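A single chain, nothing else alongside it, follows as structure tokens in the form predicted alone.
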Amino acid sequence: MTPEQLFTALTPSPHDRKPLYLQVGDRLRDIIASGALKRGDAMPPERELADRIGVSRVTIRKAFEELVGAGILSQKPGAGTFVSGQIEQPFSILQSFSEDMRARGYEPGSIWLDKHVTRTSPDEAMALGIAPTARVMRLKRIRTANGQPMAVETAVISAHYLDDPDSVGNSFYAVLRQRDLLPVRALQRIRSRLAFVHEAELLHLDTPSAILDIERRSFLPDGRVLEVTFSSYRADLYDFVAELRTAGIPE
């Protein structure tokens, strides 16, 4: 799709009762989420885009402001409006970081901080449902998208399933797949807090900055816990989205 076609797709529908600026914003959000626009890509000037899709400049400005507030766009005085690169992750899909990034048009990467087999900690033993004396493989790394640090991640798996740290490259889940150990479901807990100094340094953040603390336990088909992952995601670049459905007919 050419840039002209890309931005023409923002044209609001006359049959949609939603305000024009929300229609434009929703369409632009979808285009960015699809990977057609990447982090750092510039938006056309407000007047040019308004003329192209047949709306007022005020409509474009309000659409941009909504997405700037959501962290999806950023504005630089005198320079224009740009894609900030915030990534939305739906709660309903269980996939690896690498699979998620590639699906969005980003190149995933890892900067290894540590990987070794050791005795489990009490918290890890409880999360994995294993004995306090059991051994685990602990994998700690910085996860990147197009070279941009996104998260500090520590994955822990019982050495019963995986005991060779050198077997894990960029994708932990690729190694699990080779061993027919892919999880079928996961439980995820998310908290927000301020980044510790060492996390801010690893993620290239100013201090103070907010991060999302995520603990995820993944389960095999028979109900056993396969692995637990503790992650600290950049809150300015990552956004988790939940779709909610009613249990029945609302009253």
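This structure is a prediction, so every number in the text was calculated from the model and none was measured. Numbers for residues come from their place in the sequence shown, where the first is 1. In this text, rigid core is short for the largest set of C-alphas that superpose within 1.5 Å between two forms.
The next section is about a form of this same protein that is not shown, the form predicted together with the DNA.
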**OP:** Let me know the one among 39, 29, 224, 61 whose heavy atoms come within 4.5 Å of the DNA in the model of the complex, would you?
**Re:** 61
Subject >> Distance check, residue 208 to the DNA in the model of the complex, heavy atom within 4.5 Å >> reply: no
Subject >> Distance check, residue 213 to the DNA in the model of the complex, heavy atom within 4.5 Å >> reply: no
**OP:** May I ask you to state whether residue 69 is within 4.5 Å of the DNA in the model of the complex, using heavy atom distances?
**Re:** no
Original post:
So, in the model of the complex, is residue 96 in contact with the DNA at a 4.5 angstroms heavy atom limit?
Top reply: no
Subject >> Option from 47-55, 216-224, 186-194, 29-37 whose residues, in the model of the complex, bring a heavy atom within 4.5 Å of the DNA >> reply: 47-55
**OP:** Using the arrangement in the model of the complex, list in sequence order the residues of 67-82 with any heavy atom within 4.5 angstroms of the DNA.
**Re:** 75, 76, 77, 78, 79, 80, 81
Subject >> Flag for residue 228, CA shift 2 Å or larger between the shown form and the other one after aligning core >> reply: no
Original post:
Is there a C-alpha shift of 2 Å or more at residue 218 between the shown form and the other one once the rigid core is superposed?
Top reply: no
Original post:
Would you say residue 118 moves between the shown form and the other one, meaning its CA shifts by 2 Å or more once the core is fitted?
Top reply: no
